[in-house]
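Here you get one chain, nothing else, as structure tokens; it is the form predicted on its own.
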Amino acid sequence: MSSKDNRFYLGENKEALMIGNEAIVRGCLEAGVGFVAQYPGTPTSDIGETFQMLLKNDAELREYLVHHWAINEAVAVSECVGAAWAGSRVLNPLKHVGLNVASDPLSVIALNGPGPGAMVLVVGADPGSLGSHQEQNDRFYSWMLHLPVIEPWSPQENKDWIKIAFELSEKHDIPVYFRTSTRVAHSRGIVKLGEIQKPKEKHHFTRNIPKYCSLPPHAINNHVRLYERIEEVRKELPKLGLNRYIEGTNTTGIVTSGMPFGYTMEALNQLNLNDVPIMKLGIIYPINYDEIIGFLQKLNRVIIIEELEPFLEVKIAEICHKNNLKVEVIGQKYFPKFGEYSTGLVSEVLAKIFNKQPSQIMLKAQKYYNSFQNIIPKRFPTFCSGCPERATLYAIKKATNDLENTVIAGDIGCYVMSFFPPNECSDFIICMSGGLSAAIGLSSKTDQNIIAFIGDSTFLHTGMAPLAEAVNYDCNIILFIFVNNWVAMTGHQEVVGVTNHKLSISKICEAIGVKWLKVADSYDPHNLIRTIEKAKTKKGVKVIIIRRECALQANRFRQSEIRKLKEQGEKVREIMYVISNCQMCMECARVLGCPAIRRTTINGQEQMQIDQDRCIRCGVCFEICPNHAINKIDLYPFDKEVSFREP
């Protein structure tokens, strides 16, 4: 049965409720996009999820639109430009740190230009590190690579402006940087829709060596041409209507963009500052100097409201200096250069600058918000019940005598949570495959046991290269590769080639030259402990592949199969684990740390209990209980058994 999302088929002038990322997808359909490639990363992952959903349910759409989950961001951006060079309009969504990976090919693509097609990169920033290992200010890439940056703040602007981005890219032969943020991507609003455009199914690549081969002498010529293209965009800005002006009689004005604009408007309303002139920039690079000068000439002070390091502030101050404008530029002196902004923060700072009393409504809201801190208990992020990575950490701690003389090189994936209590396993985390790379250096300078983590998706992303180097130098490292079949941390996208069993990570490791390789199951902790102990006695690179599907996906599949059988009237064998005669040794709760096990009091006696609603029946607690206080109950043992999927 078809489950089409009507919002992506409604005609022009209709309205639909959408989050920012969905609005971007709708805008792409209206712009006639024909190719999308991305590596999943919050906050842009659901752009790809939405495209996948549409393609799954619409055979006609599959005839002219392609979406790829790519191995990494560098591959994705190069895939996109290949399709653009054939004449297609292409989209490359990625998160801010993904831009680091994409920057190598992108630095050349910017020189070449995506023409005859068009190319837009949707970069999801993450002020406050809400879903990332850092909050870098990605806007500075625009200065280095000379990419026009459009910065929307609402779902409607997302939908409308992504179309303008494609038009700019196609007209000026330049990739366009469409910058959102976690809040912009996930905020919700009513979006007025336009007409959907169907792109051509096939295109044609025309040879043009000076344009596409940026090597001497063409590299310099393309660099000159890039400067010319960015200046053409600068001149065109006033015609685009992306910059918004709000008139005011106050001699102190505000320049802002993106989500901080929303915070600013709410804060000014709370402070009853209704006479402040505001310039909301829709394009933050390049900026049109005449527009900025015209706004500043009437002011004594200008406040720059932007998240993270001063980007706009630097350019505004430069314009004031070069044009001898006696305007005080206020920004980082009052606003923090880290963390995510809020209406409360902006309101508090503006109250200081304008010498106003903070809004009583805002103070009351903040007090109300803070009151919940004493009610809601603080918890560390943790692994899901039955997570195979949690069980692996348990085995590692047991095999190393609680990490005695052992260094754990962490990495990016769900296992980043391993440095939180009770596991406290990762000693450092750098970036995708940075753990294995750092382990190579560590192993050459210490006799400690070095254990590195990497996931299946990260291994394909950038992990094969450091593994090849580790093998070449015969580094004394134990590498754990978690093969759970999904890019679990960003929403369970498929791992390219692994989820569909087209690639074998075991065979890749063998081809690279790994001599000592074992495949283990974290749900068999005692055998895994013995495997780790054996690996410690060997020299060189040792690889232990943990083959267990992500517990969430495995349990969803298993429960769906059980429901199907029950609907057919069949009885299903069921396993339950219950605790009795508990000695309160806390092995299950503090050492393993399973969130399905909790402390409770029954008949005045304290004991541990398994929450049957959270337990997925992995059986690890049953295996590791030193007092045999966890009992396995087999219901309907002679009926049909539904096991977890084999990864």
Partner chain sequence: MNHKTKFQETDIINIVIAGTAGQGVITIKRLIEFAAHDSNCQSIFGSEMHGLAQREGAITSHTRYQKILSHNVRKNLYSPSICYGGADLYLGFEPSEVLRRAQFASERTIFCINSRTIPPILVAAKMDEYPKLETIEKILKEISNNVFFINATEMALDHFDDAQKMNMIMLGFAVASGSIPFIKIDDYKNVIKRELRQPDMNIKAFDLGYEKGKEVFG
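Residue numbers count along the first chain shown, from 1. All figures in this text were calculated on a predicted structure; none of them were measured in a lab. Think of the rigid core as the biggest set of C-alphas that the two forms share within 1.5 Å after superposition.
Keep in mind that the form predicted in complex with the partner chain is not shown, yet the notes after this line are about it.
Among heavy atoms of P155, some come within 4.5 Å of the partner chain in the model of the complex. The partner chain is not drawn, but in the model of the complex it has no heavy atom within 4.5 Å of E561. Among residues of the shown chain, H492 is one whose heavy atoms approach the partner chain to within 4.5 Å in the model of the complex. Taking the partner from the other structure, the partner chain in the model of the complex has no heavy atom within 4.5 Å of any heavy atom of S78. Per the 4.5 Å heavy atom criterion, the partner chain in the model of the complex is contacted by stretch 602-610, the sole one of 602-610, 575-583, 27-35, 53-61. Only one of the listed residues (A535, V327, I278, A74) places a non-hydrogen atom within 4.5 angstroms of the partner chain in the model of the complex, and that residue is I278.
For the residues E232, E510, E167, E266, the 4.5 Å heavy atom test against the partner chain in the model of the complex is passed only by E266. When contacts are defined as a non-hydrogen atom within 4.5 Å, all of T182, F383 and R614 contact the partner chain in the model of the complex. Contacts of stretch 359-379 with the partner chain in the model of the complex, defined by any heavy atom lying within 4.5 Å, are made by I361, M362, K364, A365, Q366, Y368, Y369, F372, I375, I376, P377, K378, R379, listed in sequence order. In the core-superposed comparison between the shown form and the other one, the C-alpha atom of K378 has shifted by at least 2 angstroms.
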